[in-house]
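First, one chain by itself: the form predicted on its own, in structure tokens.
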């Protein structure tokens, strides 16, 4: 572990810290998986909470399900511009993207690419996804320890991304790297300096600019780059906006599904009764997929800026204030979800979670994510009695990407 991501040895006691000193954004809470007790106290005592000082400046935390839905559905009062994470955008390196825009510009750009993940196209993709899952699983060593994150989660999601972009397949791991660089600065250990991060993102732009020029000449086809190059709302984008939208599509299609692919294995290991339930009834897999996505909540938060003074949960949010919707906390809110701290693969109404967001910014690829996870678990159950976690799981030191960098497992045959 690099020095940059060594957690400080702090004795975190969420029930002894004064509420006015709460800062749920601290990376140590996330890399050490200590945040849930903080969220529980916030939901109970301060569901709309103001943090006056943090690494990311002052911000409001919204932690209950209903309050998050209220903010997320109200783009008129809570703007997505200029960014959707707690980190403020760099003034000299802006990366505009349609998720960080409000209607109507957001809607016009989103419509340009959403056909790639429309239901009709997913039917065409299903056999491709299943074939790749089968190949990846059949190449895994049975009875020997390996890293599930690298061999399965990253590999499968990166193959899918390469297909959606019609990206050169032999270079597909570049997509994984650019996703990691986009969401992690020097403080996470992904890059050594901010200059290195910018250089790698500019390499991403240069590579995709070549593909853009090729697609412009070839005519419209059903991949993201071609759709952007030919779409009325996107064909005249600046390089910065093109890069911003590329990062949005890469991160949205990579980090989310890959961390649910890992999180599901971990959840079943932590809940052996549910794993037994899965073995006895593979038909529960579609419902289990929704429960995995709720349980994992692969993107922990989204941010908004208040367009006017607004009353929420008895608090007055001032115009211009930063508001963080903690999806991870809302998905554990017992006011909206029965027994939310239990992982239940046959949970009723399992799809009623917050992980995909609400309103105009609801996740564009939610059905594709569910499809990939469903196929993965169908094929796992045909091959293995158990995917056993056999060592320490390493987590992403981020309060945005709620995921894993390493998970050692051993496969047990049927």
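For clarity, every value in this text was computed on a predicted model and none was experimentally measured. Numbering follows the first chain given and starts at 1.
Only in words, not in the display: the form predicted together with a small molecule, which the text now covers.
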Counting only heavy atoms and a 4.5 Å cutoff, which of 211-219, 332-340, 298-306, 279-287 contacts the small molecule in the model of the complex? 298-306
Whether 48, 51 and 86 jointly form a contact site for the small molecule in the model of the complex is the question; each needs a heavy atom within 4.5 Å. no
Tell me, which of 369, 376, 387, 350 has a heavy atom within 4.5 angstroms of the small molecule in the model of the complex? 369
In the model of the complex, which of the listed residues (291, 72, 180, 274) lies with a heavy atom within 4.5 Å of the small molecule? 72
So in the model of the complex, does any heavy atom of residue 56 sit within 4.5 Å of the small molecule? no
Hey, in the model of the complex, does residue 43 get a heavy atom within 4.5 angstroms of the small molecule? no
Hey, in the model of the complex, does residue 362 get a heavy atom within 4.5 angstroms of the small molecule? yes
Quick one: is residue 257 in contact with the small molecule in the model of the complex, heavy atoms, 4.5 Å cut-off? yes
